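This document opens with one chain alone, in structure tokens, the form predicted alone.
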């Protein structure tokens, strides 16, 4: 179990929620525009609260949270801005894979990013040097360090400082969503690296390298849920305030049906089990949760745009940004169509059936009028 009390875990989530509403939401448009200064300021505020390394134990400057509490905290941050929440997820995931001797060299407030090099990516390791490249690495641009996660029968993680010789980071300018976690094309040309974990398994609170992809999927699901919450809250407020035909638009069936659908999707919360220490994650549940929650977020943010009508496509409302952020969640750490294939791998299919107890079938729920939600 984690070393924090229930009251402390609740307080951390409350701090994240308060920061999201007070600081992140008002800056969401500037973060989406790619402003480095506003990203730096938001990261400073997060680091002051210790949210950048909340998964680590106290002697490493963290709070010793388990994965479930980390996910709840990230969800609260995503209500303010999904990209910032992604930065927190990637930093915690990266630092949690590092052994103690590596962590000692990471200063407080440094922003690291875990970069998954999926199967098929041309990244090779030879004599302690990495060669190849990773496209669209979320959070990599401007990071102080990277942990390159190499997929395979035995996943391995390798730590690389941002200033390493042979490392080139080119910002992904066309990045569609989650722009507060600036993506980069990562080029590696003989980059010297060090194993992120030593043979003893690193620190007592370290995330097993093999569990890191599941952590990213579960975290992306939490971010998508936070985005859905923001979309619902914003659309509901607008529907109560906007009048058309002499009544508020929430009194129109089409609008109330969409808002009802958004509320129902939020009521379907997939469960993700972890080990007693709260650090290893069930990979099948994480995959299913990522698919279900990100698909629901795209549906809900699309409905939110429609509730706003023509103004929903205007940048000033912030609603179209939520739709782009939700869509990007469908693509990380792999596109959902790939995640579906991963879920149906022969060694996993026997464990999929029980998921129907926590995820409502294929995610479709029917409203009284027969509309698919």
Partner chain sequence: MTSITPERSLRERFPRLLPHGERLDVGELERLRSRTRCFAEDHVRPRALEIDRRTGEDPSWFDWDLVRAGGEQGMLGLLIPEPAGGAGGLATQAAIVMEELCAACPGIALIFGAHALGVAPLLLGGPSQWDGVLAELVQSERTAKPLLMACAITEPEAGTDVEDPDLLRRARITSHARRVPGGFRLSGTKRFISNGSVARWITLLMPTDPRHPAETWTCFLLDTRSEGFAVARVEHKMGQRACPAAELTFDEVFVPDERVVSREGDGAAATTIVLACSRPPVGAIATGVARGAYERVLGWLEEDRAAKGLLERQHVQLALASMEEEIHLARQLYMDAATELDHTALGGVTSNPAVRAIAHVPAGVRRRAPMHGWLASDRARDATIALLHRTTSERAVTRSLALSSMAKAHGGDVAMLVTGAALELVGLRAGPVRAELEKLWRDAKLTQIYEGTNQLNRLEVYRGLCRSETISCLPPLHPIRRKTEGGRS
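Source: prediction; values computed, not measured. Positions refer to the first chain, counted from 1.
Below, we refer to the form predicted in complex with its partner chain, which is not included among the displayed structures.
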Exercise for the section: Tell me, please, which stretch of 67 to 75, 168 to 176, 222 to 230, 90 to 98 lies within 4.5 angstroms of its partner chain in the predicted bound form when heavy atoms are compared? Expected result: 168 to 176
Problem - Distance check, residue 245 to its partner chain in the predicted bound form, heavy atom within 4.5 Å - result: yes
Handout entry: in the predicted bound form, residue 336 touching its partner chain (heavy atom, 4.5 Å)
Key = yes
Problem - Partner contact for residue 327 in the predicted bound form: its partner chain, 4.5 angstroms, heavy atom - result: yes
Practice task
Check whether residue 39 has any heavy atom within 4.5 Å of a heavy atom of its partner chain in the predicted bound form, and answer yes or no.
Solution key: no
Handout entry: Non-hydrogen atom within 4.5 Å of its partner chain in the predicted bound form for each of 127, 141 and 160
Key = no
Problem - Partner contacts in the predicted bound form for 299 to 317 (non-hydrogen atom within 4.5 angstroms of its partner chain) - result: 302, 305, 306, 309, 310, 311, 313, 314, 315, 316
